[in-house]
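Presented as C-alpha cells, the chain that follows is alone, the form predicted on its own.
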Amino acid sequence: MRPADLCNYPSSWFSGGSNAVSDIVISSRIRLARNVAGYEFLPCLSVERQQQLHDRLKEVLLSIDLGEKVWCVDIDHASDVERNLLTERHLISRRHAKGKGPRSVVLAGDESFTAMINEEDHLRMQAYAAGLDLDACWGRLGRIDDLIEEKIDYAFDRQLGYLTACPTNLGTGLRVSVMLHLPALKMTGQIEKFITAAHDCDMAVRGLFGEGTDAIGDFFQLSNQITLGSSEQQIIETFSSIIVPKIIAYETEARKSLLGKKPHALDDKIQRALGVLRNAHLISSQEALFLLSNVRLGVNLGRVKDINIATVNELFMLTQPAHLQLRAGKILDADQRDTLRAEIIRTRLSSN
C-alpha cells in the first residue's frame, strides 16, 4: 500500500461517527510518547545510532498484532506531496514530515493506529476513533504498548515515570485529544471564552492540523498539557466525563440560541455557503473549509436536508492540497488546485 492509495476516501475516524455527540466531537485520539532505554534522546544520537534505533523499532512494530493490512512508509524517502498527504490525514505530525534522518511511520490499514519512529521521541504512537470514544482508543493503544514493552525496555524512572524529550510529557507520556467542530460558539462570539477556559484548565487548543495551526473551518483540537501525577485512566476519565461534556453543552446551547434568536441570519449564512460551493469554479483550501463548516452546521441542525453529513466530512479531507495532487497524479499549482477542488465539490454536492 502507498500514500497515494489513500487520496480517494476519508479516514475512517473522520467519517462522522454514529454516537450522539459526533456532530460536535469529530474524533478522539490518544498519543503515547516512548523512548528506548540505552539510547539518548534523538538530538544527541548520531545518524548511525538513529538508524539502528529506527530499524529495531520498525522490526518490533511489524512483528506484533496491529490489525489487518499493516504497512510502513519511509518518511525520509517519501516525496513532499506524500508527506503532506500523511499530515493532512493526521497520520504523521508536521515535525515528522519536515524532519531529517531515518524515520518512518507504521500504520494499521484502517488508520486507527499509527506509530511514528524517530519523531521528537523515539516512538510516538497514536490511536484514533470516530466521535467521542477515548476508551476505544486507549483499549487499542494500551494493548499495543504492552506488546512492545515485552520486546524492548522503555526509558522509565520510578519517580518521573516514562522519560520523554519534552518535560510536559513526563509521567504517563499520554496525550488525550478530541477534534471539535464549534461553529455556533464562533458565530455567537463565545469562542475566546472557550479558549481562555481551556488554557485555565491546562488544556492546549490547536487548529485542524495540530500544533502551530489556526482553527480553520471552526475545527479545534483540545488536548491535555500535563501528564505527570495522574494515571492514564484518570486523564481519560476527566476528559471524557467532565471537560468534553461541558464543551458539548456550551456548543449545543449556542446552536439553540442561534435557532431561537437568529434563524434567518443562520439560514442566510448556511445557504450563502452552499450557493458558493455549488457554483464556484475556483475555491481555495481555506475558503472551502470555512464554507463547508457552515454547511456542516446546517446539515446537523436540519436546515440542509438534501446533503448527508458523510459527504460534507469527506469533502473536508479530500479537497486538501496533497489529496488533490495525488488524485490528479501530478503536482498542481495553486490555481489548478483551486479549479480541481471546486470541480470536486460541485460534483459531489450535485450528486448527493
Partner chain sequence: MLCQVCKERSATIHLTEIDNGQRSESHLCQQCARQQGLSIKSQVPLDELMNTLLSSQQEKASQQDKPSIAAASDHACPNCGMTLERFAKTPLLGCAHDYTEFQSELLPLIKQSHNGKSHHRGKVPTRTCEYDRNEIQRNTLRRQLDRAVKNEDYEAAAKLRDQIQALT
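Numbering follows the first chain given and starts at 1. Note that the structure is a prediction, hence the values are computed from the model and not measured.
FYI, the form predicted in complex with the partner chain isn't displayed, but the following is about it.
Participant: Would the partner chain in the predicted complex be within 4.5 angstroms of a non-hydrogen atom of every residue among 156, 167 and 172?
Facilitator: Yes, because 156, 167 and 172 each have a heavy atom that approaches the partner chain to within 4.5 Å in the predicted complex.
Participant: In the predicted complex, is there a heavy atom of the partner chain that lies within 4.5 Å of any heavy atom of residue 146, even though the partner is absent here?
Facilitator: Residue 146: contacts the partner chain in the predicted complex.
Participant: Contact between residue 228 and the partner chain in the predicted complex at 4.5 Å, heavy atoms?
Facilitator: Yes, contact at 4.5 Å.
Participant: Mark residue 88 yes when one of its heavy atoms lies within 4.5 Å of a heavy atom of the partner chain in the predicted complex, and no otherwise.
Facilitator: So residue 88 does not count as contacting the partner chain.
Participant: Check residue 259 for me: does it contact the partner chain in the predicted complex (non-hydrogen atoms, 4.5 angstroms)?
Facilitator: No, no contact at 4.5 Å.
Participant: Would you mind picking the one in 271, 252, 234, 79 that has a heavy atom within 4.5 Å of the partner chain in the predicted complex?
Facilitator: Exactly one listed residue reaches within 4.5 Å, namely 234.
Participant: So which of 151, 193, 98, 246 gets a non-hydrogen atom within 4.5 Å of the partner chain in the predicted complex?
Facilitator: Comparing distances to the partner chain in the predicted complex, the residue within 4.5 Å is 151.
Participant: If contact means any heavy atom within 4.5 Å, which of 290-298, 45-53, 65-73, 22-30 contacts the partner chain in the predicted complex?
Facilitator: Checking each option against the 4.5 Å cut-off leaves 45-53.
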